[in-house]
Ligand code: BMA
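Here we start with a single chain on its own, the form predicted on its own, put down as structure tokens.
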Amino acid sequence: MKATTCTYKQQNDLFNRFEDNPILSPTDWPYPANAVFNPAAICLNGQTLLLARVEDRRGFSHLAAARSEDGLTNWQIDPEPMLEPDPEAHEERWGLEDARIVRMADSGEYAITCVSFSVGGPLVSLIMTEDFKTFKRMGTPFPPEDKDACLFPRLFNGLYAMIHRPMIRGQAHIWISFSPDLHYWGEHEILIPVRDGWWDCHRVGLGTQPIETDAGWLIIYHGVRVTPAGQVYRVGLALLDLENPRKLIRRCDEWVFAPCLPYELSGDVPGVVFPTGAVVDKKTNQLRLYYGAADTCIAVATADLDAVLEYASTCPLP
């Protein structure tokens, strides 16, 4: 019988792991794969679409689609990758990783942000699609090293906004930047910094796509603390102002989700829960959080969105 609960009481207990986790593993894939993890998630034509990172046995990654009617079971996996590295694109030399997806309110297009692994290091790539069949590569908004990026799904005073996580002099804070046209980016500033001595003291990065709510933009992020036994990835919450997303209005002190079950503690990178996709069921108000576990497989946890927002709204002012 699978273990579905942690051996210790999780802080806050907002999220409940699906009893049949992991929902997708390398053994489910229709072609050889070393690991399947860190999926983007979105509702499309009444189904949940996951755009998973699939690492092959060379250590290179591509993006592949899996679909489910209920977002939990009976996943139908495409027989071939959806997005592979373009051999003509210098920035994609060693793979595509860790996608996030939003549907843009102004155009109706879907914006995919992912990590391209270039000769110069990891960087953000932006890809647009209307149907997940044909894709338009928009290039790289920022130089390496940069990761964990996603567009907001709507404009602010005529400007696009993107969250991302550059590495600058060894510092790994969450930043926000703005653009009039998705090509030229500026107004860069730190949005969520690391906190010395805390559980998120060494690195922070965006988790899922930003979620628009009445309480503000819900930001689910990961924080890293380096311990003598290795790195531990945990999950925190923040709220941004609805009309001014550069304004951080709440940030949790405690983590709300942490690795504790065998499939999260054992794998290619032990001790990792890494959320990259979320779907809100509008009928039930259930938030489904899709995450990579130990850089090896995909799992899902659920929460009541109102409970998550109530908790986030009582967190301290930054």
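Numbering starts at 1 and follows the sequence shown. If you're wondering where the values come from, they're calculated on a predicted model, not measured in any experiment.
Only in words, not in the display: the form predicted in complex with the ligand, which the text now covers.
J.: Is it the case that residue 257, even though its partner is missing from this view, gets within 4.5 Å of the ligand in the model of the complex, heavy atoms only?
T.: Flag for residue 257 set to no.
J.: Though only this chain appears here, would residue 164 touch the ligand in the model of the complex if you measure heavy atom gaps against 4.5 Å?
T.: No, residue 164 sits far enough from the ligand in the model of the complex that none of its heavy atoms falls within 4.5 Å.
J.: Is there any non-hydrogen atom of residue 272 lying within 4.5 Å of the ligand in the model of the complex?
T.: Yes, contact at 4.5 Å.
J.: Does residue 37 reach the ligand in the model of the complex, with heavy atoms at most 4.5 Å apart?
T.: The answer is yes: residue 37 has a heavy atom within 4.5 Å of the ligand.
J.: Counting only heavy atoms and a 4.5 Å cutoff, which of 272-280, 24-32, 41-49, 258-266 contacts the ligand in the model of the complex?
T.: One stretch meets the cut-off, namely 272-280.
J.: In the model of the complex, do 53, 98 and 147 all put a heavy atom within 4.5 Å of the ligand?
T.: Spot residues vs the ligand: full contact, yes.
J.: Even though the chain is shown alone, can you say which residues of 283-307 have a heavy atom within 4.5 Å of the ligand in the model of the complex?
T.: Just 295.
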